[in-house]
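Here's a solo chain for you in structure tokens, the form predicted alone.
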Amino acid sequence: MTLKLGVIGTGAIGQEHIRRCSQVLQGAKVVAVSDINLNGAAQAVKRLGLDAEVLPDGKQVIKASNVDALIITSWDPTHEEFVLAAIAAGKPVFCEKPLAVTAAGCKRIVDAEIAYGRRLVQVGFMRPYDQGYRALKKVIDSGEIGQPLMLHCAHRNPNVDEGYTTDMAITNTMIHELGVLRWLLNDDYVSAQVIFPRATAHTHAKLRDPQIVLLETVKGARIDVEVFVNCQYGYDIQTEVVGENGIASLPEPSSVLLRSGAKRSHTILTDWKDRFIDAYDVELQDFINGVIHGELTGPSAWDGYAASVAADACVAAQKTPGLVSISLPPRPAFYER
């Protein structure tokens, strides 16, 4: 069986997903695309050598009779509308993070999926598919370092543009940590606090950068996440887990050790697409396989909702010096399957 995909959103990540579904992965082909910039969508289809129809609206892609499943990579505020439409059409949908821009929007998706009666949604949290994170989780789950007590994390980008604002450090950037750390620890969050150090000279008026987010989990672990999106030197993801009996750290991406010019060095990646390129491949192949076999097993709408509940609290904590509580309802039995 060849799964026929419709892609809504042909920006950078949309084009990457179209490329991998068409040239790298097995069992699927892209047959329809749409974007608010129709000319850009048409150029992307031509550049990638696709035999795919360019439709003027995402809803038409969802309704298209030749589309079996959807990939949503459009502007964040459109995610909720398109995911709900896909559920109403009974079509499986892979939605890039965030699932919706608010927890309330994610909850509407959760409710719609439960009402439909079958899992149709997978959220684009790719880090659980990354070999490094999988290796780190294996060590934690083995008990080798004992119970996790503290986590020290960093999410650094070389730079961001003028449209990037303070809240986006949570909703667009740290949302990855909020998703993967729940999975890594098999735990949920109970409080958040945000601290702003001295601002970098490389930021702009609408962005307080860097910032440090402090989290506490249900089981009592303490987490600090440094979000620094104008670090200049590269794209750098760090996670160190301090356990009762030892410390485990996320492996660095593979690179050649270079001795040259009186220096000993490793290359640091500068593009997030390169850092997690293999994880993106694995997660989308998992989605394709799940749709074909009738059972999605990747990050669920509930995972998207839980991360968004925490994100809402972190955004609130940006505006107050104290702790903000995080209250997540019990996980529905629907998502225990």
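The numbering used is simple: start at 1 and walk along the sequence shown. Nothing here was measured: the structure is a model prediction, and the numbers come from that model.
In what follows, reference is made to the form predicted in complex with a small molecule, a form of this protein that is not presented.
Asks: Quick one: is G179 in contact with the small molecule in the model of the complex, heavy atoms, 4.5 Å cut-off?
Replies: Judged by the heavy-atom cut-off of 4.5 Å, G179 is well away from the small molecule in the model of the complex.
Asks: Quick check on D35: any heavy atom within 4.5 Å of the small molecule in the model of the complex?
Replies: Taking the distances in the model of the complex, the answer for D35 is yes, it comes within 4.5 Å of the small molecule.
Asks: Heavy atom to heavy atom, is R156 within 4.5 Å of the small molecule in the model of the complex?
Replies: The answer is no: R156 has no heavy atom within 4.5 Å of the small molecule.
Asks: Do V24 and the small molecule share at least one heavy atom pair within 4.5 Å in the model of the complex?
Replies: Flag for V24 set to no.
Asks: Just one stretch in 188-196, 239-247, 207-215, 70-78 has heavy atoms within 4.5 Å of the small molecule in the model of the complex, so which one is it?
Replies: In short, 70-78.
Asks: Since the partner isn't included here, can you check whether the small molecule sits close to all of G105, F287 and W302 in the model of the complex (heavy atom within 4.5 Å for each)?
Replies: No, none of the three is in contact.
Asks: Give me the residue from A86, A100, V225, M126 that has a heavy atom within 4.5 Å of the small molecule in the model of the complex.
Replies: Spelling it out, the residue with a heavy atom inside the cut-off is M126.
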